[in-house]
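Below you'll find only one chain, the form predicted alone, shown as structure tokens.
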């Protein structure tokens, strides 16, 4: 109850602050004109970089020339971004642009509460260049009740879980991974690794893959099926495929293929430490090359399903314009440049040519030590990836493969449906507490699902499960009628 009280207070304050902001400040926007120079404040997620100040000097020379605006980019580290942005939003601080997503600075929640501006008209007026370049699936799937509240980064639009393997161990033991299409197919390979590699954990801890489109957070029970009756919201922990998959994971746990402390461990299994055989990852074209480069040894993959377009995948990396922005038109002009202008996009991502990277005669690039040590930016979080320069060892058709991957991705049945949780906020808080208690151990195979799933589902029902499912189904049916 204490958590619910705090959440309610924060939302109340947020509503009040936003109402005050919408009442109009004394400062005026320069509107569509660029005659007056403005400074835009941009909150970005990522580890602060030593050379950011030098790069932003170059950025500002360019943006001043193009749109008569300079950018004050404030980077907040991964672990603090969410909490800091919540405080900034609640306080009503004036800023212009912020990173938002399904997993940090929650896009749907902030959009529904009025923290972000609706962008449809602004984009039509000042974002025409990027609108031509961004995959339409991003722009359509990220709309909430017909309005776009942030600009999605153009990248892989589909989400595909894969199993990735330490290929040194695959080759050393002459293992055949060509027939691995599910977690259950791993059994004979894991047995070999367990018997012959005493210093290797066969499975680097991961949550079991379950074939659902989850509403709200992934671990919560509310979900739509991807096959069968896809228009019915269900408790995925009551589905047969969930019991079957978790039984497999628990068998692996009992056989020692998974670490004993899997349910509580925070080990991130860094790629550069080859103490694992198989792990689960989210794929994008040529991801194995990127992972192999980071690891220092070869990594190969097998897909667990075809790529699907989920709400979480279209809202995985976005830039929103704040409701408190005094210059939303100029902010949109900057986002348009960021997502369509190759020079600006590469400058922000790779740093200064000759200082942070070198360019070869064929247009490909290679990093210099200054980029690796002092300007290593989260590329996926900044904007359109498909206008970035290729590295000299990248496949020449890398961006074409991204476009092909996106074209072949299947929209989830619930793509574009954003649940308004306000009518059942109390029940969801209670269900979240129950889920936190049971799901980590179940999804990682650490407990027997035949014993724990019934107990878990009983507590979910006591916490108000049916009421939440009914509300989701009601809103989904209403949304579906309008499609």
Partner chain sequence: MHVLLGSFAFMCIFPFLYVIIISISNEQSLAENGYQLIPEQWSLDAYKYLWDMKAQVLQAYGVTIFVTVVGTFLSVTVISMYAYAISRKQFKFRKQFTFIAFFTMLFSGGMVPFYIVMTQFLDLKNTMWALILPMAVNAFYIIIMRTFFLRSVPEAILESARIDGAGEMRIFLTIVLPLSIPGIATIALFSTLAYWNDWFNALLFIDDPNKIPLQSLLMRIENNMDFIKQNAMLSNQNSAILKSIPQDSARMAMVVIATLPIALSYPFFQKYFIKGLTIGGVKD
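What you are looking at is a predicted structure, and each value in this text was computed from that prediction instead of being measured. Residue numbers count along the first chain shown, from 1.
Another form, the form predicted together with the partner chain, is not on view; read the next lines as being about it.
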So in the model of the complex, does any heavy atom of residue 426 sit within 4.5 Å of the partner chain?
no
Is residue 456 part of the interface with the partner chain in the model of the complex - any heavy atom within 4.5 Å?
no
Given that the partner chain is not shown alongside this chain, does residue 167 nevertheless sit within 4.5 Å of it in the model of the complex, heavy atom to heavy atom?
no
4.5 angstroms heavy atom contact with the partner chain in the model of the complex for residue 275
yes
I need to confirm a contact call. Of 410, 120, 364, 91, which residue comes within 4.5 Å of the partner chain in the model of the complex, counting heavy atoms only?
91
The partner chain: the contacting residue among 47, 433, 34, 60 in the model of the complex [heavy atom, 4.5 Å]
47
Three residues, 87, 268 and 271; all within 4.5 Å of the partner chain in the model of the complex via heavy atoms?
yes
Segment assignment from 187-195, 390-398, 247-255, 280-288: heavy atom within 4.5 Å of the partner chain in the model of the complex
280-288
Can you list, in sequence order, the residues from 151-173 that come within 4.5 Å of the partner chain in the model of the complex, counting heavy atoms only?
155, 156, 159
